[in-house]
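As a starting point, one isolated chain is supplied in structure tokens, in the form predicted on its own.
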Amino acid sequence: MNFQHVTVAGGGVLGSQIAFQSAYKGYSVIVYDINEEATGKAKERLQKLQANYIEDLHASEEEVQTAFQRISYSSDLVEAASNADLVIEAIPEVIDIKTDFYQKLGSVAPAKTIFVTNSSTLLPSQFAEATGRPEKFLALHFANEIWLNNTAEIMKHPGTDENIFDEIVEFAKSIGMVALPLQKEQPGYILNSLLVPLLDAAQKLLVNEVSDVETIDKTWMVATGSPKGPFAILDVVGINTAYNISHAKAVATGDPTYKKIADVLKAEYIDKGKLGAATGEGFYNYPNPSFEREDFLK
């Protein structure tokens, strides 16, 4: 299939990044969101992204403006989907919201349209029936700061057509991603299946008073050559997200260590406004966190 028209459903942080990256690579893009206020906020995010592409990718003013002009906005799902070759869903991680969206989308999108979900915690098989076209549905998962962290995890469910899967792998490559195909459904895909146990282990070492933030990160960085340790990574992810994950695990498993992690994150970080790199303070202070100092690994 020759993709030309891409609709991104959800103009939040990642949805707006997916839209801009697709437009930057030449696609005509429509950003759909639930009302005009939401599409207005998406447009503001997309305007701000231009500076990132200029600074980080050395894109020209003309290139980013051309990309921005390839993007239009709609709060009418019928209009947004009417000519879509591909709909990339990046709406909230709530099963009922996604199910309702796919039922509506399936009834208005052309037969040609392929649907993909950017969900990081939910599996495509949970929504395949709701789409009305399970063979044309799968997951296409991006990392935050898509223009730099250019991974695209492509995950099928048992009913995904193999040719459709291959087409999405090629689409991911066409927008500058490193395509990472998954042959089976896996909660957390590849990246989070590897990363989450590392972050869990680091937090357990901290709350059990085995060692401190800097020493744990230093250990990982020296031993593996990684540019960041687990707590530096958690600052990028955001302390709220880390808290939500630990709290959910504490409730689900009854494991007291996860409760201890959640309690520490709330009392020592969230309640003090230390939410991570985005707010200037988390486990480290920003800009110029200590792990970037030349003498940190000595």
Ligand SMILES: NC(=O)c1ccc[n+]([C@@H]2O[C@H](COP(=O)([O-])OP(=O)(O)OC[C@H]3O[C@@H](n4cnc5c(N)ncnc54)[C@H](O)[C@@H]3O)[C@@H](O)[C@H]2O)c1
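Quick note: we count residues from 1 along the sequence shown, nothing fancier. Note that the structure is predicted; figures quoted are calculated from it, not measured. Note that the rigid core is defined as the largest set of C-alphas that superpose within 1.5 Å between two forms.
Not pictured, yet referred to below: the form predicted in complex with this ligand.
Proximity of G276 to this ligand in the predicted complex falls outside the 4.5 Å heavy atom cutoff. S120 belongs to the set of residues with a heavy atom inside 4.5 Å of this ligand in the predicted complex.
Among heavy atoms of K98, some come within 4.5 Å of this ligand in the predicted complex. Although the partner is absent here, I270 sits far enough away that none of its heavy atoms falls within 4.5 Å of this ligand in the predicted complex.
Residues within 4.5 angstroms of this ligand in the predicted complex, judged by any non-hydrogen atom, belong to 140 to 148 and to none of the other stretches in 140 to 148, 208 to 216, 106 to 114, 156 to 164.
Only one of A59, A38, A250, V236 comes within 4.5 Å of this ligand in the predicted complex through a heavy atom, and that residue is A38. Residues are counted as partner-facing when one of their heavy atoms sits within 4.5 Å of this ligand in the predicted complex; in 19 to 57 these are Y32, D33, I34, A38, in sequence order. With a cut-off of 2 Å and the rigid core superposed, A38 has a Cα displacement that falls short of the cut-off between this form and the one not shown.
Annotation for T241: C-alpha shift of 2 angstroms or more between this form and the one not shown, rigid core superposed.
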